[in-house]
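Just one chain is shown here, as structure tokens, and it is the form predicted alone.
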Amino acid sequence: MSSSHLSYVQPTPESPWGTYLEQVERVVPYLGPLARWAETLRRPKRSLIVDVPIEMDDGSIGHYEGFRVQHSLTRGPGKGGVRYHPDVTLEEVMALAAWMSIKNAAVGLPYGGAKGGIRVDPKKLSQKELEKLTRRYTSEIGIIIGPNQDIPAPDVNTNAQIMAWMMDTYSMNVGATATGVVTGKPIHLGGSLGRVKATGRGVFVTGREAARRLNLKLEGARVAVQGFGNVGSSAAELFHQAGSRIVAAQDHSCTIHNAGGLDLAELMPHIRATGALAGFKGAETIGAEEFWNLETDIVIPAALEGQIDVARAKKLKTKLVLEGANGPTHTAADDILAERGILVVPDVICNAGGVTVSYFEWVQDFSSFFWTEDEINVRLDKIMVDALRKIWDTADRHKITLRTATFAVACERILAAREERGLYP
């Protein structure tokens, strides 16, 4: 068999791509005759690296490296976000694209997986420089994106404004307004109601179902949230509304703790005003590593990948981990959590609410008919609950973790489509 390691990436077990390859390896025994196609899962269909030159405000020319990876297009157009972060690498984007393939198949969306990114610290750019960067990047990857080819969306450090610039740039280049080329857009440019909080809502819905299975009452449950951006804060608000206590929160600025529960009515305005948790008066500030030592019922890692390593997995005092972020748990740490009886609802189902509502947005753009937020939330909840139920049945049948079960369901769908389509030419 051909090597599963690509010549331009040498992954380590803890790296995002290495983690993904190990996850695929674990699912192969459950694929039956479709296992002959498993190598397809280990190789992105297309990886694009682009130079993104822009004129800076001071007249100098800045160069940034951009990526767009299409992992699989077997089940439909590529779908996945674009992140702006100083640590973005090709390997990371490959892994994120592959997880999007799994995620989209797991919830039954007619998409393949894709992801993009630019290695940049957007906080160091002016608004004008950010717009130039976005428009040039969009033009560079314009050869492979489109409403029927590959549909970007917001991710780390990108938002509705950046999606509006991407949509406008693509539209100018093709000579027609193409609202369906991106999702996560402003509402008046074809965006969908419910999209902003959709990922956090999916974390809550899957968490609610998992808590029910564990006989864990949400009322009074102690919840700790790492990453208090769009996903983490939305999930925290929904758990708070269900009667849970948000006892700790962590972001880039600090870690805060209040055993009685953070007052979100005061915390959310503070974050909107300052952009960070730091300086919030209603909690004590603790060390970053202490976050993983707290006694909780639910932990939600909703920051970046690779946060729960072996050391943290050994000391985590919780019952349930809800992966709001992509790839937050190392494979070896996953095994330790399973041995310790800590249930993990994996990213590829837990945070699929965002891409599900992105799908709703894309469908609405094609039909030019838009749904109410209540309709969006009802459809989202049903898709998430139905998908999780099938995954849980698979986990029970094979006596495997929810992560391996999610991969089993998703990979079977991807590879069945691959087999039915065949190879051309």
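Residue positions are given as counts along the sequence shown, with the first one as 1. As the structure is a computational prediction, the values presented were derived from the model and not from experiment.
Beyond the structure shown, there is the form predicted together with a small molecule, which is absent from this document and is the topic of what follows.
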Checklist entry - Does the small molecule get within 4.5 angstroms of any non-hydrogen atom of D155 in the predicted bound form? => result yes
Checklist entry - Might G324 be said to contact the small molecule in the predicted bound form, defining contact as any heavy atom within 4.5 Å? => result yes
Next on the checklist: Is H330 near the small molecule? Define near as a heavy atom within 4.5 Å, in the predicted bound form.
Outcome noted: no
Next on the checklist: Under a 4.5 Å heavy atom criterion, is A236 part of the interface with the small molecule in the predicted bound form?
Outcome noted: no
Checklist entry - Can you pick the stretch from 138 to 146, 331 to 339, 313 to 321, 224 to 232 whose heavy atoms fall within 4.5 Å of the small molecule in the predicted bound form? => result 224 to 232
Item to check | in the predicted bound form, the residue from E129, D168, E209, D251 that sits within 4.5 Å of the small molecule by heavy atoms | outcome: D251
Next on the checklist: Quick check on this chain: which one of L264, L304, L90, L125 has a heavy atom within 4.5 Å of the small molecule in the predicted bound form?
Outcome noted: L304
Checklist entry - Taking K79, N104 and R418 as a possible spot, do all three reach the small molecule in the predicted bound form with a heavy atom inside 4.5 Å? => result no
